[in-house]
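Just the one chain here, laid out as C-alpha cells, in the form predicted on its own.
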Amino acid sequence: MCIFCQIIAGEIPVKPVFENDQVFAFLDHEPMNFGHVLVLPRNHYENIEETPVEVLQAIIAAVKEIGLKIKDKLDYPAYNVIVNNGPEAGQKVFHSHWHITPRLDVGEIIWPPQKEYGPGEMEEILEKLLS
C-alpha cells in the first residue's frame, strides 16, 4: 500500500484541510512555503491518465476551493498548482496528486530554460498531436 493510501486509511496522521467522498487534501509536512497542500483522489490511481475524468473534475474543484482559501486566509497573493506526472517529471509517490504551493514572489520559481523550435519542428509536433 502506498504512503498516500496509508494516509487516507488513517494509518499515518496528517493535517487534513479538505475532504469529500472523492478527494482528500492535507498540509505537506515538508512545505515549499507554509500552507503547501497535497490534493489527491481517495482511490489509488498511479497518474493522471489512470484517474477517471469525474475524479479529476472533483480534484480541480477542490484545488480551486483550497487555492482561494490560501489567498484569502493566509494572505498569499498567488499559488502554483503542480502535478509531477511520471518519474521523469519528478513524481516520487505513484498515487496521482496535486501540489498547491503558495507564492509570495515570482523569484521563488525556477523554470528550466526555454527552447525554440527549428524550421518545421513545430509543424511536425502539431501533426503528431493532431493525428
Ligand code: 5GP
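Residue numbers run from 1 along the displayed sequence. Nothing here was measured: the structure is a model prediction, and the numbers come from that model.
Quick note: we don't show the form predicted together with this ligand, though the next part is all about it.
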**Message:** Tell me which stretch of 58-66, 44-52, 71-79, 85-93 has a heavy atom within 4.5 angstroms of this ligand in the model of the complex.
**Reply:** 85-93
**Item:** Non-hydrogen atom contact His99 with this ligand in the model of the complex at 4.5 angstroms
**Value:** yes
**Prompt:** Wondering, does Cys5 line up within 4.5 Å of this ligand in the model of the complex on heavy atoms?
**Reply:** no
**Prompt:** If you look in the model of the complex, which residues in 1-39 sit within 4.5 Å of this ligand (heavy atoms)?
**Reply:** Ile3, Phe4, Ile7, Phe26, Leu27, Asp28, His29, Glu30, Leu38
